[in-house]
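Starting off, we have a lone chain in the form predicted alone, written out as structure tokens.
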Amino acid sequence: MRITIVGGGYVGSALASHWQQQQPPEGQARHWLRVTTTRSERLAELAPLADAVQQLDAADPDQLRAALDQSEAAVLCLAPGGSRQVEADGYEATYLRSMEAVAAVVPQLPRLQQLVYTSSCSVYGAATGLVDETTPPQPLEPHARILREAEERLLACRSPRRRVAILRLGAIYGPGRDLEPRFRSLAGSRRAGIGASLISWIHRDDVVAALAWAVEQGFDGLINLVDDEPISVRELIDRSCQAAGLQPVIWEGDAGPAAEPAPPRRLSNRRLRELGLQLQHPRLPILSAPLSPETGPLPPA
């Protein structure tokens, strides 16, 4: 199969490496891969992972058409760069404009039969209770609304001859993105509330496996790509500080009547399991370490 990975960053480069190292079944050829990047300095780094590497602004229809030409499948692993990581304008430029470009060029690409896109569970926003793929998105933050609009642009590309798969990811961790260093700066600080809201995580290896599966199975539809056990903000921070031997965070809601309500939302990965996908990392490693008596886990939602 001829595949273009649009976005050779943290996930896209790992997916390319997976396919490059994979031994195809007897009698079948290895996938032909093109990987794109926005940065010229990464072209040489990505070259060993693909048959072709291309510098690309995915929001430019002409560049995108050239990158997808002759491809049978495209995996869209986009991420805003630099200081635009949490800014709505960065999300609009990266996701929405790129999906508009995809929608503009796919009618000119008859060989392109599969689009697979990494979105985010943040599109569920205000949804409450147990949230699965049938739950209507209710994005709250500006960047989440943009991500939902980007999904809609891509879904409009679906046709009897073209499948669209959207994987809504939890927070990603993995090699080079360890959890503990992210929270060490909070040691000894005071935090409002009790940290009861839940975060669902997913390891990069499981993202890669799910993307490869979606392409090779020709999957069409939505999947919540999260692990089996969400963790509260409080437990995550407390465990991270404890593992590093640092002072615990002081949760100010513990002492007052205005404590946060019970976590209102829990993401379900039931469909993932029903499809036969087995997670290599079903829970965060940090959950295997016992908490000290002072930082016991919150009751289940």
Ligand SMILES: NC(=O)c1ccc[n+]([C@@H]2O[C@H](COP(=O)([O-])OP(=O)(O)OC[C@H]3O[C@@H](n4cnc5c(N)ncnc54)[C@H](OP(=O)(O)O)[C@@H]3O)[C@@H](O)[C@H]2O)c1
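We number the residues from 1 along the sequence you see. Here the structure is a predicted model, which means the values were calculated and not measured.
Note that the form predicted together with the named molecule isn't included here; everything after this is about it.
**Student:** Is there a heavy atom of A58 no more than 4.5 Å from a heavy atom of the named molecule in the predicted bound form?
**Tutor:** Yes - in the predicted bound form, heavy atoms of A58 and the named molecule come within 4.5 Å of each other.
**Student:** Quick check on A103: any heavy atom within 4.5 Å of the named molecule in the predicted bound form?
**Tutor:** Looking in the predicted bound form, residue contacts with the named molecule do not include A103, since no heavy atom lies within 4.5 Å.
**Student:** With a 4.5 Å heavy atom cut-off, would you call S119 a contact of the named molecule in the predicted bound form?
**Tutor:** Taking the distances in the predicted bound form, the answer for S119 is yes, it comes within 4.5 Å of the named molecule.
**Student:** Counting only non-hydrogen atoms and a 4.5 angstroms cut-off, does R177 reach the named molecule in the predicted bound form?
**Tutor:** Yes, R177 sits close enough to the named molecule in the predicted bound form that at least one of its heavy atoms falls within 4.5 Å.
**Student:** Tell me, out of I172, C157, A212, L222, which residue has a non-hydrogen atom within 4.5 angstroms of the named molecule in the predicted bound form.
**Tutor:** Exactly one listed residue reaches within 4.5 Å, namely I172.
**Student:** At 4.5 Å between heavy atoms, only one of the stretches 103-111, 190-198, 136-144, 70-78 reaches the named molecule in the predicted bound form; which one is it?
**Tutor:** Heavy-atom contact with the partner occurs in 70-78.
**Student:** Would you mind checking 87-107 for residues with a heavy atom within 4.5 Å of the named molecule in the predicted bound form?
**Tutor:** Result: T94, Y95, S98.
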